[in-house]
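Next up is one chain by itself, shown in structure tokens, the form predicted alone.
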Amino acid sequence: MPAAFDEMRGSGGDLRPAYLQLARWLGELPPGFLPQRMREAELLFRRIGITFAVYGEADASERLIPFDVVPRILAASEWATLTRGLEQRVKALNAYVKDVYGKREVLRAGIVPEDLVFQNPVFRPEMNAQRVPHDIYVFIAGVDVVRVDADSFYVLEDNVRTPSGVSYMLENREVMMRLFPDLFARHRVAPVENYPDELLATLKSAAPATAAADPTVVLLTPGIYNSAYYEHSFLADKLGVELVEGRDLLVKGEIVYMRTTEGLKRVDVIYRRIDDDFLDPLAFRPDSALGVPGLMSAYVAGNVTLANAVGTGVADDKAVYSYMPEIVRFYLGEEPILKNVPTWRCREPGHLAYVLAHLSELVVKEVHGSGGYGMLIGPRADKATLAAFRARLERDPKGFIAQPTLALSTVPTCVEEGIAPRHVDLRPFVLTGRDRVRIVPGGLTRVALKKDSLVVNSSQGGGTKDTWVLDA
């Protein structure tokens, strides 16, 4: 695997301009200062109660996501490139979802194989020929981005169903401002704290035509036992909207109402954090106790906006990801600004043969996998693991894609031995409303805290960092 690009020192070892002030500040710190601040940050997060749970583990108790106090810094020019690429990509994703449930021109043109749509377990035939308010399907997107050198950003994954993590972006910034005001004073850091205002404006702009002048927005959560419940309650509070569960809503005359102490109140926009399967027991899983009976009838009638739209999962599995460059060109007539990681589709015999012959060199992922599970990192795997994965690939090649083992960029991180480079990715959040696209400058940087690890997922031992975008 090639050497990783060091975002602080670059390829030649010289400090990059964005990191000059941080390097000076680190050099001035007394011994023990950062470890003490790390302990204070952990105490703050515990008081806030910002936790998550990992489903399926024997000990699924609530835990903190480790937080690193050394910020990741991006120059204004770097962020400008990312912004253009993110806006382009999400525009293409929206066009793709609309087309898949509409005219299906992308399938007729042979850009995407039909079976990737119709045999996709998250394809929703209920959405065929159904118009959604303002033709927007992906209101909130979390696009995972990595870099391998000074100039190249790659999209690693598109998250367009119920992307999470924005609460950590906001809380990380608040904790950093509290702990390191002197470091902020040395930089012009673009703010992220306006994200709730931008999100609320996006959601209100997408209200159906039948809504009141001031639309009512609610956040629909599965409840307190969901692993992301903290984020749901945090965002509802920041947005100033009601946090509701399915039992708090009802449908009458194809209109959604919320039960309140003053009687029923019409709901116009639902920011839902519940998967499609559980939204409406009359339309999807009849055993769901989380959803709202009749919700789909109100949705199809155009009387309520769901963000994100039902059926967006057809755009974010890892097999469809491999076609994104072609999808961007097809709908927008433009070359992709953000690159895709080169991807072998194991469903294709020629690709499968290559992957099997180079298994020890590649990263292999489940098409519908998430959280870092079900993944093989070939260069780090032993013979038994490689053999087991080979058998899985031969048994179900359609369920996997493979990619080269990228040398993800590194940033300075506070670890036991001091400051050391650790691999990172970035999840910016892209908001698409009726009026415009909004992207707050930054996002959630996830960091692989173990030496040489490439897995940044919190469920796999990764942590988070505050992401600083410098104002020009």
Partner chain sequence: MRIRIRHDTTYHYDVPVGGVIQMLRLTPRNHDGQFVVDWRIDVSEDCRLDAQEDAFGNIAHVFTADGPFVALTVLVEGEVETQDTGGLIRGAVERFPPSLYLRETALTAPDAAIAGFAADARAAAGADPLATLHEMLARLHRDVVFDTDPTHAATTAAEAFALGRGVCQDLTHIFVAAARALGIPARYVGGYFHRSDGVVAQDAGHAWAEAHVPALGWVAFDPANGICATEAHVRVAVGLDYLGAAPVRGARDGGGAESLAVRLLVDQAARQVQS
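Positions refer to the first chain, counted from 1. Please read all numbers here as calculations on a predicted model, not as lab measurements.
Just so you know, the form predicted together with its partner chain exists too; it's not on screen, but the next bit is about it.
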Answer among 76-84, 141-149, 248-256, 328-336 for heavy atoms within 4.5 Å of its partner chain in the predicted bound form: the stretch 248-256
Identify which of Thr162, Ser167, Gln88, Ser297 has a heavy atom within 4.5 Å of its partner chain in the predicted bound form; exactly one of them does. Ser297
Identify, from the list Gly374, Pro293, Pro215, Gly399, the residue with a heavy atom within 4.5 Å of its partner chain in the predicted bound form. Pro293
Considering non-hydrogen atoms and a 4.5 Å limit, does its partner chain approach Gln130 in the predicted bound form? yes
Does Ile136 make contact with its partner chain in the predicted bound form, using a 4.5 Å heavy atom cut-off? no
I'd like to know if Glu157 sits close to its partner chain in the predicted bound form, meaning any non-hydrogen atom pair within 4.5 angstroms. no
Does its partner chain come within 4.5 Å of any heavy atom of Ala201 in the predicted bound form? no
Check each residue of 102-131 against its partner chain in the predicted bound form and list those with a heavy atom within 4.5 Å, in sequence order. Arg104, Glu114, Val117, Phe118, Gln119, Asn120, Pro121, Phe123, Pro125, Glu126, Asn128, Gln130
